[in-house]
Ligand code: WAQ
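Form predicted on its own, single chain, as structure tokens, below.
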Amino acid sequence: MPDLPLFCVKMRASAAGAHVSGAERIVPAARVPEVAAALAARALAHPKGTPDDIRIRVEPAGDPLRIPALPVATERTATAAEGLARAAELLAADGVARVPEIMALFRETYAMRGAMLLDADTLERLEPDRARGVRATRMDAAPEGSGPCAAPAAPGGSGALPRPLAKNHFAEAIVLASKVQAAPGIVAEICVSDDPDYATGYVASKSLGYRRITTIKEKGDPCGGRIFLFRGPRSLVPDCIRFLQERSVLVEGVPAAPPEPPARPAR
């Protein structure tokens, strides 16, 4: 990738100690000031309210691993209940057992800062800090390549053209889900955004790909969370957590927009 070194720019915003928003980008050194300012501005405009604490952290990204984006499909649902039921159906169809118990545990993730890491078979909690959970970080969409997000080189050879920094729920979710499925031992994920203006969620796995569920909570609901389902020996858990939290990843071929679901046959 041109214009090395790369840096990971992270933003975390909170109000009265409660999480408001977070975002990150992996960018060339020349873009760090621009991206840091844009992420701070994004934090100040979040629908969950104005934060009283915004933290920007910049650290070397090293040599990011490049992985392909998960295949994407859209599941059209009309209500939150229908969306949650469809998420459960997808997990069960993918070979996940005890799905009702997993869905019941999902509410416990609402108060967590990261994701619940759950043994897919025993339902044992595996995250070292249950309040914090496990955060998938150090990731971004690859700014160049052959996918729909490919960008040509900027004049003067300064690397990829600047990409929009406004929140793109769809693209950011695919980046995160693709990294999570590349982690050792991860077999599936379920996610509901905590953004009150965004009622779409997803289920992801290597075989399902990224299944976007159009309505999985009520509009205006500020609650959300995620569960990472793990299967493997306990000796693999530290490697899984280390990959999720420390390995820099660029995801190639992130679609520019979500696909429309197939038309339902007329009755």
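Keep in mind the model is a prediction, meaning the values are calculated, not measured. Don't overthink the numbering: it's just position in the shown sequence, from 1.
Not pictured, yet referred to below: the form predicted in complex with this ligand.
A.B. asks: Heavy atom within 4.5 Å of this ligand in the predicted complex: which of 127, 94, 194, 75 fits that? Just give me the one.
C.D. replies: By the 4.5 Å criterion, the partner-contacting residue is 194.
A.B. asks: Looking at 209, 224, 28, 64, which is the one with a non-hydrogen atom within 4.5 Å of this ligand in the predicted complex?
C.D. replies: So the residue touching this ligand in the predicted complex, by this definition, is 224.
A.B. asks: In the predicted complex, which of 33-41, 230-238, 201-209, 49-57 comes within 4.5 Å of this ligand (heavy atoms)?
C.D. replies: Only one stretch qualifies here: 201-209.
A.B. asks: Give a yes or no on whether each residue among 86, 120 and 181 has a heavy atom within 4.5 Å of this ligand in the predicted complex.
C.D. replies: Not a single listed residue reaches this ligand in the predicted complex, so no.
A.B. asks: Taking 4.5 angstroms as the cut-off for heavy atoms, does residue 114 touch this ligand in the predicted complex?
C.D. replies: Taking the distances in the predicted complex, the answer for residue 114 is yes, it comes within 4.5 Å of this ligand.
A.B. asks: Do residue 136 and this ligand share at least one heavy atom pair within 4.5 Å in the predicted complex?
C.D. replies: Output for residue 136 is yes: heavy atoms within 4.5 Å of this ligand.
A.B. asks: Whether residue 176 contacts this ligand in the predicted complex should be assessed with a 4.5 Å heavy atom distance threshold; does it?
C.D. replies: Close contact exists here: in the predicted complex, residue 176 approaches this ligand to within 4.5 Å, heavy atoms only.
A.B. asks: Just checking whether residue 169 would be counted as a contact of this ligand in the predicted complex - the rule being heavy atoms within 4.5 angstroms.
C.D. replies: Contact with this ligand, yes.
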